[in-house]
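Shown next as structure tokens: one chain only, the form predicted on its own.
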């Protein structure tokens, strides 16, 4: 699913030391990976590279055997829309849309994900409804303003938006930071269940190492960058 080789990245070209330096990283198809590191270790930088938002200064980043560093900006945008679902730390929901409408946005820029969503349900709205229910947001909340939802409910909307259309890779960036321990565990178990149904690889990023026992693989970003030094 993911292969990184000799990756270097600097936010500012005049930096003496790279922001991120990874000699090698491989993540297999279908893995549930817990990636951790302290603040400032480069977690968000790595996610931006995996999503093709930024490009490495050197080295290669391959997703699904596609070298992101060789793609144009437009082709990276298309690749991201087709193959990557992203759960942001602050959820990035549109407050003037309902939960259903926010979830369906996950397919707006990808005919590939639209096609796969319509293989699951008769319409995008039905598929959005199915995902919201599966992730614990009941029908009574589907049409209300997302601004009126609790943090935990907004989190479920963000997850459903990432999963609609069964993208091969789900990236979750600190999505449980505002939840208590019991709700964190319950939400992660829901993510696992949906990832298994969709056949998606899950890369879950957090600084909270108490969560790592829930995952089948743990990666320390600090250890990765030390190996490259």
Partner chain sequence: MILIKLAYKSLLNRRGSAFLTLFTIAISVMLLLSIERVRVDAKSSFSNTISGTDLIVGARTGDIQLLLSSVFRIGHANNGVSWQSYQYIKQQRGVAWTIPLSLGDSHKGQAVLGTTLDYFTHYKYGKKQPLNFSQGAAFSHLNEVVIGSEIANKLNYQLGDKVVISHGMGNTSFHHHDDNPFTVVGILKATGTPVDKTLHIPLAAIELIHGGGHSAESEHDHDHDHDHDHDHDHDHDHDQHEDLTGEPKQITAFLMGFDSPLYTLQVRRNINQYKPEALLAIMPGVTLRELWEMLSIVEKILLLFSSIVVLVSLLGMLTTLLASLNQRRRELAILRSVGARPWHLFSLISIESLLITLLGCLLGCGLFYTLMSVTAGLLQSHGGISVTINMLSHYELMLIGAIMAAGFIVGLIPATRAYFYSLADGMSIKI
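Note that the structure is predicted; figures quoted are calculated from it, not measured. Residue numbers count along the first chain shown, from 1.
Here the subject shifts to the form predicted together with the partner chain, a form of this protein not shown in this document.
Visitor: Which one of 186, 53, 178, 64 is close to the partner chain in the predicted complex, taking close to mean a heavy atom within 4.5 Å?
Guide: The residue in contact is 53.
Visitor: Of the residues 134, 118, 78, 71, which one places a heavy atom within 4.5 Å of the partner chain in the predicted complex?
Guide: Selected residue: 78.
Visitor: Considering non-hydrogen atoms and a 4.5 Å limit, does the partner chain approach residue 106 in the predicted complex?
Guide: Looking in the predicted complex, residue contacts with the partner chain include residue 106, since a heavy atom lies within 4.5 Å.
Visitor: Answer with yes or no whether residue 94 is in contact with the partner chain in the predicted complex, where contact means some heavy atom within 4.5 Å.
Guide: Answer yes; at least one heavy atom of residue 94 falls within 4.5 Å of the partner chain in the predicted complex.
Visitor: From first to last in sequence, which residues of 178-214 have any non-hydrogen atom within 4.5 angstroms of the partner chain in the predicted complex?
Guide: Not one residue comes within 4.5 Å of the partner.
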